[in-house]
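This document opens with one chain alone, in structure tokens, the form predicted on its own.
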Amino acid sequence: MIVMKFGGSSVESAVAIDRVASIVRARLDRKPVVVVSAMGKTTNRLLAIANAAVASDKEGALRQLEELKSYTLAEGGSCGGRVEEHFRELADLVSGLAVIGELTPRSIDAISAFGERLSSIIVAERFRMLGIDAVHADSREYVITDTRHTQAAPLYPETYERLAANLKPVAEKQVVVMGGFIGSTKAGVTSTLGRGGSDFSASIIGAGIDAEEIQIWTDVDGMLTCDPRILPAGHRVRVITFAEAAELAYFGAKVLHPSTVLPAVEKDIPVLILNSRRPEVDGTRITAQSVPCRNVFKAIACKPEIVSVNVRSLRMLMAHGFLRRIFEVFDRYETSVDMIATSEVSVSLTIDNTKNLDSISNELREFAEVSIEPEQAIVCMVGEGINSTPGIAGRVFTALNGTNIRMVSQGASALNLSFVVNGKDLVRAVEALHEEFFSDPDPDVFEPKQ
């Protein structure tokens, strides 16, 4: 039994869904459970509709909803009236939001969940029309979460019990199609796992049914040695470890949600990254076992558009409790820190969520000097061979000759060497590093760019 997750671009149209059906049909002997994201940009459109409703533009919200309905019916069909039924429910929800005039985390989950609810119904029906014995399953009946709406955490014992007892027997006989990203609380209230959570859903479901493999089907050939939006000359990574993939995902590799690997790691289930437009490509295999590689690094991840926050002690020394006070401020505003560097009297750190930056800065200024550097970028070099290879830092910084490095981090993880550069220097830095470390890729680990 395998889990096959298809992203929004893989189910964005009738043509794309038919392509997915052919991929699934070729693997029927492996008893696939199919997990799908919302069609195309449906989630963004749903949230725009919700925002219009609470902004007292009910007419505009309902007009956008009709446009979304037309798109959905054109690409997915009516599915025996189930799509129309969902849109009636959506219209009621939008009207309610217009009356209340407030968009709470719970209501955000309620409306954004419709993307996956609709796409999973449409895909299951299309499979049946094409002769695949498929059945739809509502993920909210299986993935049970806490009540932290918009960023819910799964309750694993309850979720795994339901998946094993109720879903697995069905999947032995039919192709089950489910929506990713969504779940429900113990009380039955719709919840979501956060943006990008469909990958996470696939991993949770795979762990719950003891799948032999979890396949993440996207619109790229797998993980690459660098972000193709930054540098299109990257090589495909054939195989990588869970730990390396998690580091890359956290530091900007968009093909994998950072939390995806967690349930898979616990159950030692391989994860494959594959291209739904080029199913003949082997993709990238993520496993627990290390594979010998003559290249020190497996890939370069980037996080552009981050902000550096520099905090300097007013007492001109790192007084007891100074770090604690700094992180208490970030904790109060639920703002994660990516990188941190300290000296005798100051702390520099980076964040990518600037929503509460002004409030954070004002609180920090009560006990420290604060300066902000916007438009920075993190470059993260990931590989298992870093700590065991002498002179790596020297090679990195020699390759970056002429690029001003703002902050360096190595040692917190044995797998990465990270640093901050000005955003305008990002492309040049990645080009130089890729030439230095990937000009002779190990063919057992990489598929060289043709």
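The numbering used is simple: start at 1 and walk along the sequence shown. It should be emphasised that the depicted structure is a prediction, and the values quoted were computed from it without experimental measurement.
The form predicted together with a small molecule exists for this protein as well; it is not shown, and the discussion that follows is about that form.
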Taking heavy atoms only, is residue 229 within 4.5 angstroms of the small molecule in the predicted complex? yes
**Asked** Is there a heavy atom of residue 220 no more than 4.5 Å from a heavy atom of the small molecule in the predicted complex?
**Response** yes
Note to self: Against the small molecule in the predicted complex, would residue 255 count as a contact residue? Criterion: heavy atoms within 4.5 Å.
What the structure shows: yes
Check residue 224 for me: does it contact the small molecule in the predicted complex (non-hydrogen atoms, 4.5 angstroms)?
yes
Of 210-218, 289-297, 357-365, 79-87, the segment with heavy atoms within 4.5 Å of the small molecule in the predicted complex is residues 210-218
